[in-house]
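Below, in structure tokens: the form predicted alone, a single chain.
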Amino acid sequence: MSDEGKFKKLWGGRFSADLAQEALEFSESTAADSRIIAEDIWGSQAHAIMLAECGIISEDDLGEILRCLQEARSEYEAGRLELRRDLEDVHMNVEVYLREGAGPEIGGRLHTARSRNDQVVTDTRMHLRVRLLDIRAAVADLQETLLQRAAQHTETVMPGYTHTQHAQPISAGFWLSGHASALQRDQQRIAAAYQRTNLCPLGAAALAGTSFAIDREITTRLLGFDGIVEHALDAVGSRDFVAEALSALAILATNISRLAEELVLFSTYEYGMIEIPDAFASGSSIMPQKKNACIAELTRARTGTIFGRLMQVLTSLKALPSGYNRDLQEDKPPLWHALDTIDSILRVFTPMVQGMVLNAERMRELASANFAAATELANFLVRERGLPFRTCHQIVGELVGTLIKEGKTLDDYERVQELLSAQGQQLTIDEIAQVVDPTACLQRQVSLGSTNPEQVAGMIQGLGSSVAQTREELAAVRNQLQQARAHTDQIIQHVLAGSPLSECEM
């Protein structure tokens, strides 16, 4: 290779001076580009095959180009291909590797009918699509864990909350499966982001297409894309697929953060409903008794950084004119950071949920202690006495107010009986005990999607089927991408063996 700093920029023909060192350091993107080396090589291979198939370069030149690109791929996979900062980006690094291996005459032909503008967005889409599949698989892992835990606790009663105040009795299975249900919408959002990500911009060139008679369908198939971003100007200048992916990740992080918040609260002494596994908690340097839910706390905090990455990209995009602008170089660092962050959250959160201990006795104690069954008592009066609900709400509200003043609860059956009798409602002790029993409250909920154990079991089964379907979809999509890679490799090996390109199926 040429000595670093002496290499003539491949775009430098119009310039009388090389890029200033300060400007190079400010503008180079090799650190971010290190993520997309494999995609850039694959994209270059597909582009070269397409050029030869269309008669734009010779098959002899194609063979030499593919040979050098295969060497670059092998060097990368062996961990020996390092990007030179003086070459600015991954595209120039790969092209220089090719030019120095095949010579400038042959190596210089690869960039025919393409631009770094369509290259970089193609590479980004190819890398992002795989990461989105990985995240969906990790979300499925968390869903399965939540559903497994939920299935064990369909009749484990606990207080449900609104406004962070006791509301009505629910089951722990209802609580856990509720979070799995929210994650199913995250699966749908990420799947939709994948659909708009897995479209091929290659062939758009700089912004206006090209005067060479290329075949964009060939590169689309060889690279495993589902379709083409047809409009060249839109293809190189749009990054809404990045913003959409970040938005889906931000909402996913929000849903996980809400669960994290409950794990922090429910594991406190005051709640005492769950215990975080020791392996996912930490202590204090000064207070020896402390056990802190630090992993859940960090999840809450890092959710905010994903929001920030979304806003960073949206702010970069909001005032850009059409076509490619160098501002778009700044899309990848926030995208990579958000992907890495949500990946780390999912990898640590799933085993933490798997190992947490639910304190069923404490859950039931709390469900009975603070009038969570009051709504069901009002409902009983509506059903059994034919009174308007608002009348029953008033009766029970006054009853609760009196009990609070006296330091009593609904479990003080005799006092409850007296107060109801004073309002003209005669209930036996057995009736009161049955009505306000938290477990019985679960059983009486009969509406679709309620906390009734049978309803919860049905929802767990339904969500489990959705997760299984997700895994089938992911396997099919991964297989499609693997087949595209294998198809490209078959053509490469065919060409390198000296066989004519016409024998290959495109």
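All figures in this text were calculated on a predicted structure; none of them were measured in a lab. Residue numbers here begin at 1 and follow the sequence given.
Missing here is the form predicted together with another copy of the chain; even so, the following discussion is about that form.
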Heavy atom to heavy atom, is L133 within 4.5 Å of another copy of the chain in the predicted bound form?
-> no
Just to confirm, A476 within 4.5 Å of another copy of the chain in the predicted bound form by heavy atoms?
-> no
Going by a heavy atom distance of 4.5 Å, is R444 a contact of another copy of the chain in the predicted bound form?
-> yes
Heavy atom of N370 within 4.5 Å of another copy of the chain in the predicted bound form | yes
Scan T145, Q312, T154, Q425 and let me know which has any heavy atom within 4.5 Å of another copy of the chain in the predicted bound form.
-> Q312
Q354, S421, T375, S74 - the one with a heavy atom within 4.5 Å of another copy of the chain in the predicted bound form = T375
So which of 431 to 439, 178 to 186, 412 to 420, 79 to 87 is the stretch with heavy atoms within 4.5 Å of another copy of the chain in the predicted bound form?
-> 178 to 186
Within 45 to 83, the residues that have a heavy atom no more than 4.5 Å from another copy of the chain in the predicted bound form = none
